[in-house]
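Presented as C-alpha cells, the chain that follows is alone, the form predicted on its own.
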Amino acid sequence: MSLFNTDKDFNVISNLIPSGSNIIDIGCGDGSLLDYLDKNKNINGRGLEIDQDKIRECLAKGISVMQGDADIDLVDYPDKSFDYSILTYTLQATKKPKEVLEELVRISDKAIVSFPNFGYWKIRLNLLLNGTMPVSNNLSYSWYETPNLHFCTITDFIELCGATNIKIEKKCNLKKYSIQEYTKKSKFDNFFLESGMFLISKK
C-alpha cells in the first residue's frame, strides 16, 4: 500500500540507504520505489508483493519480485539476508505487526518502516467533531473496506519497539523531508505528523 505523494518521499528513503545496498522492499506494490533506488543508488533490490497485478507491473519494469505475504513468508529468509528491508505503509495492514517488525530486523541489518499516524490532529478532530473514521487523500478507504487492521500512532510504534528487541536509530519528518537521530518520543510528532517513518535495527 502506498501513500507516497511525490518523489520527495522516495528521496528521504534514498538518503537513508548507502549506494550498492542489498535491499528487500516488502509490500513493494508496482515497484516504483525499487525502480527509483536502482536508478539513484544502484541498489541490488528485490520485492515481495501479494498482489498479482502489482507483480506483473514490477516484472514489466525489470524488477525482481516474488509473490509473498509479510505475515507468513519473512520467516523463510535466513538471518541478515539483506542490508536493508523496507516496509512502507504496510505495517498497519499486517495481521501480526509485532512479529513482522521483529522479522524485519532479523533478516536485515537495518529496516525502514513507515505508516499512517492515527494520532494526527486532523484524525483526532474528525473523530471529536463527526464521530466517524476519517476519509482523506491519504486514508481514502471507508472503515468497512479499509485494508488497515491495526490503527497505531507514532507513540504506539515507539512504545512497541521499546517493548521488543528493536532499536530506533533515526526518525524522518515527511513534512520537512528531514532525517534526525532518534533520541526520545515526541508529543509534537505524534500530534502534527501525518505519517511516521523510522530507521530501526535489532538491539
Partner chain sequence: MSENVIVELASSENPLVLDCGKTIGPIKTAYTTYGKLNDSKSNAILICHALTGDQYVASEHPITKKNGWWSLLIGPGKSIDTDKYFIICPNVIGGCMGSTGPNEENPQTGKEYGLDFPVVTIADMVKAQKLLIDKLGIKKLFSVIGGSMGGMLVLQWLSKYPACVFSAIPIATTSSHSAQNIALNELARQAIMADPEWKSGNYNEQNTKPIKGLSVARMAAHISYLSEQSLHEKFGRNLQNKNKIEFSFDADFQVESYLRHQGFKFVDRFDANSYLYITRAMDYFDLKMENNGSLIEAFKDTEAHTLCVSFTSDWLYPTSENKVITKTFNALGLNVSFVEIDTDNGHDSFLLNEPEFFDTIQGFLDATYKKL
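Positions refer to the first chain, counted from 1. Remember, it's a predicted structure, so these values are computed and weren't measured experimentally.
Beyond the structure shown, there is the form predicted together with its partner chain, which is absent from this document and is the topic of what follows.
Close approach of A163 to its partner chain in the predicted bound form, 4.5 Å, heavy atom
Residue-level check for A163: no, no contact with its partner chain.
Indicate whether R46 is a 4.5 Å heavy atom neighbour of its partner chain in the predicted bound form.
Because a heavy atom of R46 falls inside 4.5 Å of its partner chain in the predicted bound form, the answer is yes.
Contact of D73 with its partner chain in the predicted bound form (heavy atom, 4.5 Å):
Answer yes; at least one heavy atom of D73 falls within 4.5 Å of its partner chain in the predicted bound form.
Give a yes or no for G131: in the predicted bound form, does one of its heavy atoms lie within 4.5 Å of a heavy atom belonging to its partner chain?
Looking in the predicted bound form, residue contacts with its partner chain do not include G131, since no heavy atom lies within 4.5 Å.
Consider the chain as shown here, without its partner, and state which of L37, C172, I158, I63 has a heavy atom within 4.5 Å of its partner chain in the predicted bound form.
Contact check passes for I63.
For 75 to 90: residues with a non-hydrogen atom within 4.5 angstroms of its partner chain in the predicted bound form?
Contacting residues: D76, Y77, P78.
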